[in-house]
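One chain is shown next in structure tokens, namely the form predicted alone.
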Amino acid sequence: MRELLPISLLGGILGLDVVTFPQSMISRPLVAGTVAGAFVGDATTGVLVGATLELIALATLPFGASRYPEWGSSAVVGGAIAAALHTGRAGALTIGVLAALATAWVSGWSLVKLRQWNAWLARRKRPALDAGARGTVIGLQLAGLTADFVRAALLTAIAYGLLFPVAHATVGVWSFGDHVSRAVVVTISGAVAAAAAWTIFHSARHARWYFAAGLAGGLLLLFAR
């Protein structure tokens, strides 16, 4: 598993982007899954996993104090596992998505624990913060950044290290055809995306028209190819 180290570093960087820094959307599942697949040697499978996870992630709003899945590092795990199983093997997409969902659930929990640790660290520095100490503020920011990177990198390494052997064994006994496996995954993720879009339509003004315009533009590009 020589790819474990680069995959872990990638997971750390993309996990950091989710809420900490720089929040430049590189942690979106479509990007994370594609890059992870490319790291393993199969970007096509990576982008399929990322696109599927993107549909599920539409329901996630990463702000406030709520707990939500952390898609950056989890998409890296799912994209890398599916890509490592190689394109064309029945079940690779399904197993990759399931691995990403399992990682996202644990990663969401780890974000809560990170926030609690940040709050504990800030309480210890309360006198200096009340005094406006610049060094204390910078130190807390750097500590939070470093902790988030380490959290995401370790989580990616552990998830990939544990789940890849299970995925490899599972795909070896997978009994469903590739078309059926992909159809089930796409149908379920599409239903989740439709539910999320329906919610947005009722809460954001003109959202349905923006969606319709984007859908029409995408279809035009598809048929123009």
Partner chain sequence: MSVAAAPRAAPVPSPAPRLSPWTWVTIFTRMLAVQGSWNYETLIGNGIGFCVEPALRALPGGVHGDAFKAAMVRESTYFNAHPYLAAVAVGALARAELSGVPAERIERFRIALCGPLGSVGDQLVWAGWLPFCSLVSLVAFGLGARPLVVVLTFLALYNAGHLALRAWGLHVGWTRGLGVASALGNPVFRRGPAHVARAAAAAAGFAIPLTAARVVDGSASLLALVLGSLGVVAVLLVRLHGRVEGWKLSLVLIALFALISVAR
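Keep in mind that this is a model prediction, so the values were computed, not measured. We call the rigid core the largest set of C-alpha positions that still match within 1.5 Å between the two forms. Residue numbers count along the first chain shown, from 1.
The same protein also exists as the form predicted together with its partner chain; that form is not shown, yet it is the one meant from here on.
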Review point. Wondering, does residue 97 line up within 4.5 Å of its partner chain in the model of the complex on heavy atoms?
Key: yes
Review point. Should residue 101 be counted as a contact of its partner chain in the model of the complex, where contact means heavy atoms within 4.5 Å?
Key: yes
Review point. Could you tell me if residue 126 has a non-hydrogen atom within 4.5 Å of its partner chain in the model of the complex?
Key: yes
Review point. Does the 4.5 Å heavy atom contact test between residue 179 and its partner chain in the model of the complex come out positive?
Key: yes
Review point. So which residues in 30 to 50, when you check its partner chain in the model of the complex, have a heavy atom no farther than 4.5 Å from it?
Key: 30, 31, 34, 43, 44, 47, 48
Exercise for review: Kindly check if the Cα atom of residue 21 is displaced 2 angstroms or more between this form and the one not shown relative to the superposed rigid core.
Suggested key: no
